[in-house]
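So this first bit is one chain, no partners, the form predicted alone, shown in structure tokens.
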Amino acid sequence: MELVLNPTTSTQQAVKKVLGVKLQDAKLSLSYLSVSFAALFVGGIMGLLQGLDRSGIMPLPAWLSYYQVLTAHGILMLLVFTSTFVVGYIYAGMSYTLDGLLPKVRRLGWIGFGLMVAGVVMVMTTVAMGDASVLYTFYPPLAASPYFYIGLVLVVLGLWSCSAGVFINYRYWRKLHRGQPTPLFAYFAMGIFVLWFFASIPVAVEVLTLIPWSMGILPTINVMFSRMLFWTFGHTVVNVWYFVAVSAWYVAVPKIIGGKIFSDKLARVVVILLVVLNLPGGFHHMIIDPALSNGVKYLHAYMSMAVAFPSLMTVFAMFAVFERVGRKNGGKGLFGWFKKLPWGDVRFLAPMIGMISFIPGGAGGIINTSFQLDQVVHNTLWVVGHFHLTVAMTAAVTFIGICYWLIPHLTGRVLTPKMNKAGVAATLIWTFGMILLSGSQHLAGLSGDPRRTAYTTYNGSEVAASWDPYELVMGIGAVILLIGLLLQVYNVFHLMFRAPKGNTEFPVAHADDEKSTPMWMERWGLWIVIMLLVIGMAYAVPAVDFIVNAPPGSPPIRTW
């Protein structure tokens, strides 16, 4: 059996001093993080162009389509930036908490990296050539080039390779440490990749049917079934990003501010609930589709809201940690502890903003999930604003905070006070820009401004003219956001190559009750079986209905 734990050679020890962690593991994580922030840079520029065009401030040139830019922005930000960041972060944490990656796990990580990069290049090439302006949801009957879908298959295969690596390293550690609970970070890693792996299976099935359909081999496709497969994945993958942010909140943030985890057992219950309850929520994205029965819609509305339970548990646990730390730092009175938190430390400020933004983001999610309220906002910019608030604030801003300790840890460098200020500035600029962008999108959506459309006056409609002020603010928000994004990208690569050498800790907090964590929580086979049963309850009836009572299929259509 391969073994790489605890390097003992002088060469490895020397390398460890240079990079802060094992050289080979650090290289792998840094490669993923480099691709992640390169995607953020390009995707951010696409977002600015989209925002300026959509607000009517600066129309795009004739050779560049709004929907082309919208597709590129969605794929780069929602799939590439997030996915590659998550793999880099999780593999680094697995290496630290499980004493190193196995050689075969590292190989699987590199195979996943190669597949993902090749897939993304193929996908983005088709978008750049104008052969895939199908948005990041790629709903049929809109049809892209077959190479677009083949590229997506490579990305999914890359994800599966990385998932296998996480499962193998976890299982290996468990064999060596029988009777001991897995470190909490690794436990989160297992939950995240279990959820991600099972969520990716439906979209893989969808894409494999879209390839022959886009080639003309299959004359038609079942649109409703494809949409169901996509949203089983699409809804869950957003919650995977949230799951990753939650892992940093529980494991790293208490250590950074000098506190302890509220409860190791509670954190693990949150992980189990997020794995079991997430996948059945996909249908609320199709809640206005007429092909779904009202019974299924009501069932999914309730199942979608079930995720609120682990979210509320997290809010309770995290703010209990904050209050304890604030009072230890001298905070008095009912809320005096709040002022005693380290607001000037970007490693705390950014994830804290991510947590706070999830409060309105989660409330908006309840509206979107509600059977009646969703009828009002479903096809409007409200949903786009909600998406930016949850993904680009809760998840992305937490990812920003992670960078300021993870990258110095991987590169054997330190976060200087000057770079900390630059990080605070990037975080605040990003936040302000997102408040303008997301806030105006919410308000415009409530006024009926539709999503997924380029700028238009609707032949001088007075109603459409009433949306202009919101869209102007949206464009201004996009400009401010890009400034924050550029500063953040600069900070990331400065931390990689220019920051002073030194040792930076991978922050892992502990809980008073972690020695009494029951071993039944490690029974992943049981949690997966329960998850599959819940998925079956949610999707079996509508899936059979879509197949048995299939509507007329659709041929591939291009509207551009």
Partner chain sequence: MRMHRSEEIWLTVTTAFLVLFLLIGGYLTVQLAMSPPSHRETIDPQKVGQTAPFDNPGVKKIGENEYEVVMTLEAFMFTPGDIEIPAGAKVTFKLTSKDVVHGFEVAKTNINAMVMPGQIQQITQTFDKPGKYLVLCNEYCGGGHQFMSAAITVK
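Numbering follows the first chain given and starts at 1. Just so it is clear, the model here is predicted, and its values are computed rather than measured.
There is another form of this protein, the form predicted together with its partner chain, and it is not shown here; the text below is about that form.
J.: At 4.5 Å between heavy atoms, only one of the stretches 276 to 284, 348 to 356, 176 to 184, 126 to 134 reaches its partner chain in the predicted complex; which one is it?
T.: After filtering at 4.5 Å, what remains is 126 to 134.
J.: Gly536 near its partner chain in the predicted complex, any heavy atom under 4.5 Å?
T.: Looking in the predicted complex, residue contacts with its partner chain do not include Gly536, since no heavy atom lies within 4.5 Å.
J.: In the predicted complex, does Pro290 come within 4.5 Å of its partner chain, counting heavy atoms only?
T.: Yes - in the predicted complex, heavy atoms of Pro290 and its partner chain come within 4.5 Å of each other.
J.: Are any of the heavy atoms in Pro360 no more than 4.5 Å from a heavy atom of its partner chain in the predicted complex?
T.: Pro360 lies outside the contact set for its partner chain.
J.: Quick check on Arg227: any heavy atom within 4.5 Å of its partner chain in the predicted complex?
T.: It does: once its partner chain is placed as it appears in the predicted complex, Arg227 has a heavy atom within 4.5 Å of it.
J.: Could you spot which one of Met521, Leu532, Val42, Leu30 gets a heavy atom to within 4.5 Å of its partner chain in the predicted complex?
T.: None of the other options qualify; the answer is Met521.
J.: Considering Val269, Leu208, Val424, Ile483, which brings a non-hydrogen atom within 4.5 Å of its partner chain in the predicted complex?
T.: Selected residue: Val269.
J.: Mind checking whether each of Gly448, Tyr458 and Ser466 has a heavy atom within 4.5 Å of its partner chain in the predicted complex?
T.: Looking in the predicted complex, the three residues Gly448, Tyr458 and Ser466 all sit within 4.5 Å of its partner chain (heavy atoms).
J.: Even though the chain is shown alone, can you say which residues of 369 to 388 have a heavy atom within 4.5 Å of its partner chain in the predicted complex?
T.: Result: Phe371, Gln372, Gln375, Val376, Val377, His378, Asn379, Thr380.
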